[in-house]
Structure formats: structure tokens, C-alpha cells
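The form predicted on its own is given below as one chain in C-alpha cells.
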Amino acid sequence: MSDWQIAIERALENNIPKVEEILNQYPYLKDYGVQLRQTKEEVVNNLEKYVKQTMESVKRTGGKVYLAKDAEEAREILKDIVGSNKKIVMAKTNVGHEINVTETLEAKNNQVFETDLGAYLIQLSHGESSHIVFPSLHLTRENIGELLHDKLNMPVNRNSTIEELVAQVRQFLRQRYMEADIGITGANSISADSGSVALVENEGNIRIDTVFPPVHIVITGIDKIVPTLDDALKEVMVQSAYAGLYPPTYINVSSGPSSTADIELKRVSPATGPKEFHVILLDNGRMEASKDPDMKEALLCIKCGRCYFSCPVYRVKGSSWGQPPYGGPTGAMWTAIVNKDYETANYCTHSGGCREVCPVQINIPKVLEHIKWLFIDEGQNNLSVTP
């Protein structure tokens, strides 16, 4: 049996029954999923309006906000904010990976450390993520023990327990936080009415990344916008549950730089936490998708990653299906949106499992069928221009 087969079998054994247990124990989460579909449809159908409202709200809280039309523009904005010779701690962000944050900042002589355990293992191994929520899913505990010993000379090996591995990385990363100039995160959701960024996690790294360094930068797609802070909190709760991690250890909400009203009840900024709060909103094909009657369904995705485990193709191909960070069934949709790669969808066998487990009831097979037609049209167009 290959390492991938061992890793995916262990993940399925741990995750699938856990999600079912959570949904039975907290039945309101299914209702939240249905409500989220309705609120996200409202945003997707009026995306320009909600982008504008979100930007105005971020400014009102004292933050700085930028709208990047594509990955290159987002990288230029990020370089202007960060500069060079900085130490940066970064929480796992798929949109950050989409624009190659680490490579971009390291090229300017900055030091970048991933602080999510799975994302850090990927950085350390110079590999690619294999799941949108659990990027190091393809690494077994035996692989990770060898990796930490070989790369960092940690006192662990392939026979170490998971608890021993986690403890070693925890000790290593805590020192990185103390030295950081800037914290970079993504967003699980961002509310148009308040400009608040909601993030869900269990490790505690996001909490530190967002409050300890003097500068907090958020990089997220415009598809993460929801109408209200109430909607934003529901999204992180549903995302956590369908990833099998409910209740989450932490939910973080950031609304502008740190502030205090402890003197005469006048709210001033900054206080103890970050003195700067930047939000980079990335389009990169999302606005165009919102105007396509078939593709806009993909923008409802909350990226819980549950569809991966119901997909027979992903169970076999793993990270070789799609372009990281977007792999698996939902990744085939996102690769088409942000990379204009329509060929990846051809691996879908239309088993329909992804549609059945999606918390916001996205008809993923139908979207992928549409993308397959785009691939055929693209091929015919290329043939028509061949001399």
C-alpha cells in the first residue's frame, strides 16, 4: 500500500464518522448551511455592490483596503505594504497560495514562516498541498517524524506519536511569533456591513498572527464576502462542522486595527494589538464567474473540503488532481475560475457524492459538466486558428 493510500484511509476513518456525529449532535448547523446558500446567492448576484460596501466598511473601522483585479496586481500591493527585510508569520491562506505570497515576499529578502502545522510541513518539505483544509493530508505520521528529524534535527522519528510531533513544532513556531513584524492571514468570511474578518481555527496560530505583530494583512477573495457579521459567523461555524472540527477551539474576528475606549469611553487606535490593518480583496476571475449562470454556483463554496472525501477520483489521485491549492472536486471548479484551466474537470466521473455532502448544496457535477464544455469549445477555437 502506498503512503497516499495509508494517509487517505486514516483520514477517512477519522473524519467521516466525526462529521456525521457533529451534525447529529448540533442539528442547527444544517439549517445554517441552507441559510448561507441564500445569503451567498444574494452577494454573488450583486457582487459589485457588496465589494463596494465591504471596502467602505473596512475604511470606516480604520483599516486600509485594496481591490486587486488579478494575482499580479495583488502581489504588487503586497510588496508595497511589506517592503523588505521583514519577519513574517503567515496563517494558512489558500488565496495567499493562489498569488504565491511566500515566493513573492522571500524574493524581497523577507523571512516567511507558515504557522499552521499542515502548511508549515508543506513549506518545510517544499511540497504541494493535497487538501484545501488539511494541506499535509498526504503525509503520514511516519513521514512527518522523518521530515522533522532530517530538516530541523528535532528529537523525533518515524515511530514518534502524533502528540510528540505536534509538541516539537509548537515549540519551534512560538519563537517565530516573538520576532514577527507582520502577520498575514486569509479570511473564512468577511462581512459587508462591518468590514469584519472572521477566521476559524484550532491551533491558536491565527489568534497570535492577528494580534501579536504590529501589522496585520488579510488576503482574501471577493467570494468570501457575506452581507452581515451574523452571516460571517454562521459561515465559520458551518465550515468548522463540515470539516469535522466542531466546536472550533477559536473563532477570531478582526475589525480594523486594535483599539480601546477605556479613557472617557472615547475609542482610539491603536492599542495593544496591531496598529495597521490591511485588507487585499482579490478578484482574479471571480467577478467574471459571478456573471456566468453556470459558473457562479462555484462561488457559493465555503471551502470546508468535505467533498474531497466523497470523491472516488480524489481518493485515487490525491494532490495530482488539480493545481494547488485548489485540488479535488471543488478545486476543479476553482482552477477553472482563477487559472482558466478547464482540462482538470475532465477527471470528474460524476459519481455525485460531492453534491450530496455539500453544506450549501452546490451541484458540483453540473458545474464541472459546464467546464468540460468550455474545454471542448477552447479546443475547437484553437483548431480554428491553427494555420
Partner chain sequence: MAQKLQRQLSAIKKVMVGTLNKNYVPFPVDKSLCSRWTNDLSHGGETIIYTSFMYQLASLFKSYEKYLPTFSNMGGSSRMASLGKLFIKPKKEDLERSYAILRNISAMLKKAGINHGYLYDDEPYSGGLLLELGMINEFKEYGGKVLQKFKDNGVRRVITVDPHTTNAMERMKKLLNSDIEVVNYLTLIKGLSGNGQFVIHDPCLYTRYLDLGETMRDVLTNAGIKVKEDIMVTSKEYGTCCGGPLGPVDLELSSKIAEDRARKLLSVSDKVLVACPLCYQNLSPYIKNIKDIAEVVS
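Positions refer to the first chain, counted from 1. No experiment lies behind these values; they were computed from the predicted model shown.
Below, we refer to the form predicted together with the partner chain, which is not included among the displayed structures.
Contact with the partner chain, judged by heavy atoms within 4.5 Å in the predicted bound form, is confined among 49-57, 342-350, 63-71, 32-40 to 342-350. Although the partner is absent from this view, residue 317 contacts the partner chain in the predicted bound form, with a non-hydrogen atom inside 4.5 angstroms. Using a 4.5 angstroms limit between non-hydrogen atoms, residue 312 touches the partner chain in the predicted bound form. Though the partner is left out of this view, residue 306 does reach within 4.5 Å of the partner chain in the predicted bound form, counting heavy atoms only. For the chain shown alone, residue 16 is a contact residue for the partner chain in the predicted bound form, at least one non-hydrogen atom being within 4.5 angstroms. Residue 20 is the only one in 18-56 with at least one heavy atom within 4.5 Å of the partner chain in the predicted bound form.
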